[in-house]
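The chain below stands alone, shown as structure tokens; this is the form predicted alone.
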Amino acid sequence: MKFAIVVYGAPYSHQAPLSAFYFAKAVLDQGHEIYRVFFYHDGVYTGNEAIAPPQDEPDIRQMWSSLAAANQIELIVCIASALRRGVLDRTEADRYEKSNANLDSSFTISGLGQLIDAGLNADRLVTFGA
């Protein structure tokens, strides 16, 4: 079965990114496929490379990056949500004349079309957060 995942909540203030991660890992462990993970609203903070959690807390961004690299999973952050929250890749930082980009290179900025595509191409679309 092919799954698409949408994450709405921010790491460290909402359980959504961590729950979605464990769900994705379980899906893969059962032999299923993850078509795409789409981070929307506050979920885009998951890709913020500048977040530095304390040593006794999980590094949720790094967990997603590692899972994506090991399983060729697309991690997409919504461009509109990311821009509003200051989560920028180099292209967007340059476009808006900002001095820093802070999006982890494992994540890609894209539009809602990627979410629609995921819903159309996956067998199940599962959301985490409100």
Partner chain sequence: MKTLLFVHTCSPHGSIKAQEGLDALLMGSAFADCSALFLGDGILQLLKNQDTQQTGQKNFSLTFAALRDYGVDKVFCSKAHLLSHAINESDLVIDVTALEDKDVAALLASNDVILNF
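Residue numbers count along the first chain shown, from 1. On a predicted model such as this, the values are computed, not experimentally measured, just so you know.
Not pictured, yet referred to below: the form predicted together with the partner chain.
Annotation: in the predicted bound form, residues Ser81, Ala122 and Ala130 each come within 4.5 Å of the partner chain through at least one heavy atom. The stretch from 88 to 96, 39 to 47, 26 to 34, 69 to 77 that comes within 4.5 Å of the partner chain in the predicted bound form, counting heavy atoms only, is 39 to 47. Mapping the unseen interface onto this chain, Leu18 falls outside it, with no heavy atom inside 4.5 Å of the partner chain in the predicted bound form.
Although the partner is absent from this view, Phe3 stays clear of the partner chain in the predicted bound form, with no non-hydrogen atom inside 4.5 angstroms. For the partner-free chain shown, Leu112, Gly113, Leu115, Ile116 of 102 to 117 come within 4.5 angstroms of the partner chain in the predicted bound form, judged by any non-hydrogen atom.
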